[in-house]
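Taking the form predicted alone, here's one chain by itself in structure tokens.
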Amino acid sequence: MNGSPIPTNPGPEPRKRILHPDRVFLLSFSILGGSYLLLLLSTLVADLAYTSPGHLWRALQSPEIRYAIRLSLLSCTLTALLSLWVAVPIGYLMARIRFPGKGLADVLLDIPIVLPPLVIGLSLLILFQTPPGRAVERWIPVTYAIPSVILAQFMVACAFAVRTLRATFEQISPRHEQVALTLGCTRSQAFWMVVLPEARRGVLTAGTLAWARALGEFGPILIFSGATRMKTEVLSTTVFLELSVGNLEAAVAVSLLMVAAAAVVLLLIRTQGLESTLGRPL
């Protein structure tokens, strides 16, 4: 009764909204991954904004660029076929057979993937300066000629094809092959009649990836083949040559051609239900 205010009950304090730990985790990962995707998208948008259909048309009318397109298609196709020719037996042996030195072979097969491309080109150049290499050159001109382009692309692309096919054969159960062997088939017959048909998707994936990897190869080609107009010029070296003379619009136009080709390859892989080299199920 002394005139002091009567305390009132303020009621419960409003609850603070706390983010669930799982949401924080997913949000942080989404931000990190999305930043990289945004960077990739930004580079493509920047390329498209810098050039125009006119620039692309003028680039396609250039005899040098048209030659580079033809040579790229030819060399990449031959590289993909050669890669499959080598990667199928290597992938099968690495997946199915135990042999002395398998660990060393595994390391050697990964060297073209982790080694700087310029080193591969330099190593090829040195190889053909040795007596065996010079003996080959007497019969077939390789260095700074079209065969050098195919060989430089093959050195890198084949490693990706081997990795793809090894994962493919490892995912195929050996049971069917063993049944074929018990029924009287030789290992060769079991491979061609049983294993290879089951691996057809992996073979298509390996060939497609080898083709795409060959298209983007630059360092080994520059060192081993040079960048000579109308001789050893492919699309990747065309970008370098156009930049060296300050023709940025043509370089961007050719780059977009390569991006379009890579997109077609990736779309082919996705639409055909094929998988990449990381061992995902076929």
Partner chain sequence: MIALEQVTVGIGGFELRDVSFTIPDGGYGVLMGRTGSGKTTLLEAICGLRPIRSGIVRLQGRDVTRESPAKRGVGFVPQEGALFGHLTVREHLEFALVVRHWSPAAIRTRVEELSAWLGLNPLLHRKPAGLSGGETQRVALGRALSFQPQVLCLDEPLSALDDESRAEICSVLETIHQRTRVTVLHITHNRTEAERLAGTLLRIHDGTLQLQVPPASR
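Numbering follows the first chain given and starts at 1. Only a predicted model underlies this, so the values are computations on that prediction, with no experimental measurement involved.
Below, we refer to the form predicted together with the partner chain, which is not included among the displayed structures.
Novice: Heavy atom within 4.5 Å of the partner chain in the model of the complex: which of 113, 118, 93, 179 fits that? Just give me the one.
Specialist: Result of the distance check: 179.
Novice: Among the candidate residues 204, 105, 185, 126, which is the single one with a non-hydrogen atom no more than 4.5 Å from the partner chain in the model of the complex?
Specialist: It is 185 that has a heavy atom within 4.5 Å of the partner.
Novice: I'd like to know if residue 137 sits close to the partner chain in the model of the complex, meaning any non-hydrogen atom pair within 4.5 angstroms.
Specialist: No.
Novice: Look up in the model of the complex whether residue 141 has a non-hydrogen atom within 4.5 angstroms of the partner chain, and give yes or no.
Specialist: Residue 141: no, not in contact with the partner chain in the model of the complex.
Novice: When the contact criterion is heavy atoms within 4.5 Å, does residue 193 count as touching the partner chain in the model of the complex?
Specialist: Contact check for residue 193: yes, within 4.5 Å of the partner chain in the model of the complex.
Novice: Is residue 170 one of the residues lying within 4.5 Å of the partner chain in the model of the complex, judged by heavy atom distances?
Specialist: No, residue 170 stays farther than 4.5 Å from the partner chain in the model of the complex.
Novice: Among the candidate stretches 143-151, 196-204, 160-168, 71-79, which one is within 4.5 Å of the partner chain in the model of the complex when only heavy atoms are counted?
Specialist: Of the options given, it is 196-204.
Novice: Since the partner is left out here, which residues of 221-245 would have a heavy atom within 4.5 Å of the partner chain in the model of the complex?
Specialist: Stretch hits: zero.
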